[in-house]
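Before any questions on binding or motion, here is one chain by itself as structure tokens, the form predicted alone.
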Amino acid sequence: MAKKPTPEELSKINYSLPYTGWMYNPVEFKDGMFCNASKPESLNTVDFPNARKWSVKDEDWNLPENWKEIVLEGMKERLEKYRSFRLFMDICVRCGACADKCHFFLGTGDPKNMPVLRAELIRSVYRRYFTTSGKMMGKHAGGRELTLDVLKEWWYYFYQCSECRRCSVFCPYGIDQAEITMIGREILNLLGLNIEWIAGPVANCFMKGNHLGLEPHTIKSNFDFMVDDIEEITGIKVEPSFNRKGAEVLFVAPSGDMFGDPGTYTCMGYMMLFHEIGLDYTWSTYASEGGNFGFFTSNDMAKRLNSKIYAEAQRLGVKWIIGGECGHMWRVMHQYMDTWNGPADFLEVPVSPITGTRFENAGSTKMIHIAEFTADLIKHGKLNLDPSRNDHLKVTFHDSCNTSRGMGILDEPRYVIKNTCNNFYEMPEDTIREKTFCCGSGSGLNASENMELRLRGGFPRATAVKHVQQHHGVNMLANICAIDRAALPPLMNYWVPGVDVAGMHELVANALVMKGEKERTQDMRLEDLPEKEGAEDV
């Protein structure tokens, strides 16, 4: 484990450029800036190629003898299959509009973390082998040979991109650099060059239905603990059901919400909300993961994992699906699902049984985000809310990249938070909504061994949080993504001490006045409410 620099050391970022051209600067593998190599058992579980034991710091990565042919054939296949990939290889004019928009460049000062240059790592090989000028003129046409050093450079920098797509907002040609990173990772995966923090969760989800590899009895046991906490706080015993056939709604949440704080507080909020409105819903212990780490390996793997949710919906005979607070779950669901596994014609267009609202936006996927569902309940006056229960919190909101920039879920979470909290403050305009900064740990980068990379990548987001902390006393960062709930706490502790992290439905649960509840003296974290200290149960 690399020694973690202090915030004072890490904030001294050198943006000066090297004197020599980028092609002549070999990659330097720095501890704390990369994740561990994938384990052979993880790759074998899902039949990924070249499963073997290898280490990033070793000179020999145990590649197949024909690795170069595999890479070039993989590029050729994807250039023919994906028009966007070929287009993005050809149309970039290297204007640099994206250069200072990437949080990894802003946090590291490394020119190869400029989106334009990160894409150039693979674009230069494309020019050399797939364009006439590159074949004839080589470097004079911007092309370069595919060598082992070039391959290692791909690996190092494609796993320093969280695929957040912020750069694409500012590109005058609309180039989506995240798509280039995804293709780059897909090609690397042909050689078994994955990271364990992605390959392990993929294998777990494929075999067990969730990233953590939780067995059904473990999931049920974790819920029992949360049910007990809800009863202690409210005096009400909620009764979630599992694998129940004939329920109207299948609810799918990220597994992190079932297991780790602060996600568990959000999970408790889901259960309290559904109990209060009397929703006929069930969880599945087999499709127990909203997230899709397959998305960070290949389109085919993402398709395989996405299909589990719909297979379980069909098995249980539900009418439609609600998804919990998760990020890449929603980009996969709304931008890829129909092509891979849809349309889900065996389900119905979601209609809220409480308000009667028909969610036409889910006409094909038959699945809505819980932020939409809860905002609709509040809009129609179906919830009894006491925002003063959150008065000990001064809240700001982090737009998770995939739900905001990727899916346009911008106003619903703000509407919910403003109706459950009296103290809400926005971060600076150029750091939120479509222009939001990433948590610095998305796309499977939220490991422990790459903590310096995560802290550097999260520096721009932390700076925006620090702004509202200093100006408004903000002490809570809300979000609607499980990766954020895992990645942001160490980021805040490092850069902005005193700011905690919460899911949106934790705030809903605090404010929700349930029928028959006892007087609340604690919030969802079993911490005393300041205004209720010393109060007796009634």
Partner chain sequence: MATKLNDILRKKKPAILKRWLDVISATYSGEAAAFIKGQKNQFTGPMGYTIQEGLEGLFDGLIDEAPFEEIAPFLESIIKIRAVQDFSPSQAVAFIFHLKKIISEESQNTSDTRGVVDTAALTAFELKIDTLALISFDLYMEARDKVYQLKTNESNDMVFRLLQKERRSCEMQEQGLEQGPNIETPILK
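Values in this document were obtained by computation on a predicted structure and should not be read as measured data. Numbering follows the first chain given and starts at 1.
Unshown form predicted in complex with the partner chain; subsequent notes refer to it.
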| message | How about Trp61 - does it come within 4.5 Å of the partner chain in the predicted bound form, if we only consider non-hydrogen atoms? | response | no
| said: Since only the chain is shown here, I'm wondering whether Ala99 would be in contact with the partner chain in the predicted bound form (any heavy atom pair within 4.5 Å). | reply: yes
| query | Could you tell me if Ala247 has a non-hydrogen atom within 4.5 Å of the partner chain in the predicted bound form? | reply | no
| Heavy atom of Asp338 within 4.5 Å of the partner chain in the predicted bound form | no
| Heavy atoms within 4.5 Å of the partner chain in the predicted bound form: which stretch among 345-353, 308-316, 440-448, 120-128? | 440-448
| said: Within 4.5 Å, heavy atoms only, which of Met89, Leu188, Leu214, Val150 is in contact with the partner chain in the predicted bound form? | reply: Leu214
| Ok, His398, Arg454, Arg389, Lys366: which has a heavy atom sitting within 4.5 Å of the partner chain in the predicted bound form? | Arg454
| task | Scan 214-235 and note down the residues that get a heavy atom within 4.5 Å of the partner chain in the predicted bound form; none is a fine answer too. | result | Leu214, His217, Thr218, Ser221, Asn222, Phe225
